[in-house]
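The data below hold one chain only, encoded as structure tokens and taken in the form predicted on its own.
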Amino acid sequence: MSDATATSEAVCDAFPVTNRNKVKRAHERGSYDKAAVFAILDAALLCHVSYVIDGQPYCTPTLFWREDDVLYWHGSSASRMLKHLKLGTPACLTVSHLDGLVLARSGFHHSANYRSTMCFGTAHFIEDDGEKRKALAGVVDRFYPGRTLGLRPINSQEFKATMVVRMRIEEASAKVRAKNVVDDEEDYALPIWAGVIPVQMTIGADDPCPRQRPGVTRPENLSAYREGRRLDEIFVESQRAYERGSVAD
């Protein structure tokens, strides 16, 4: 492989660095690699999407999912964003994971271990019915692969009331802190406890619907959701399974 080819492939595997996505503080924690950004996205269910409407900023928490470099989320067809999304509007989607509480010997150096990403693009709502139906299946199957096959199909009222938004990632950056305490050198001699308290989100025990029909059992395709497992790891596994299923289709 020539140096030019290697450089070209490296560029394709990373998002361009611009004033919009450049990590300016603690830049050593930043990355523009697509693999790093996608890994953080795939480990999440909830995101925050920001827009500006008529000069007023709005930030909306919502469920989202990813297919390649395209992000999807849904909302109400009565949303204030509808007319703006028809033409396309700039948006910023963020995801963050809290991995640890970092306690230092001074208040200034207290911190957190985290994984985060910011993705920029132009958001549009999906007008084509076929694409919209596929996307609505994706919001379920991305987290619970194959589940839509056994569900009651969406009805016309639900379909009409739901808006699906898509945004191709134009620029993005990831930022991660994954280390222990960093104190001022002279503070290490102080008799103060310091360290990291790990934080995880894990699966609890099932709480079946109280009106569950007799004989209905938990399906095998939910076997990844076992009590005690880390949720972010399950989401990543589910995304990979969903991608394999999409390729198979």
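Everything numeric in this text was worked out from a predicted model, so none of it was measured. Numbering starts at 1 and runs along the sequence shown.
We do not show the form predicted together with a further copy of the same chain, though everything after this point is about it.
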Residue-level contact is defined here as any heavy atom of the residue lying within 4.5 Å of a further copy of the same chain in the predicted complex; does residue 187 satisfy this criterion? yes
Residue 129, heavy atom within 4.5 angstroms of a further copy of the same chain in the predicted complex: no
Do residue 236 and a further copy of the same chain come within 4.5 Å of each other in the predicted complex, heavy atoms counted? no
4.5 angstroms heavy atom contact with a further copy of the same chain in the predicted complex for residue 241: no
Residues in 115-148 that come within 4.5 Å of a further copy of the same chain in the predicted complex by at least one heavy atom, in order, are 116, 118, 120, 140, 144, 147
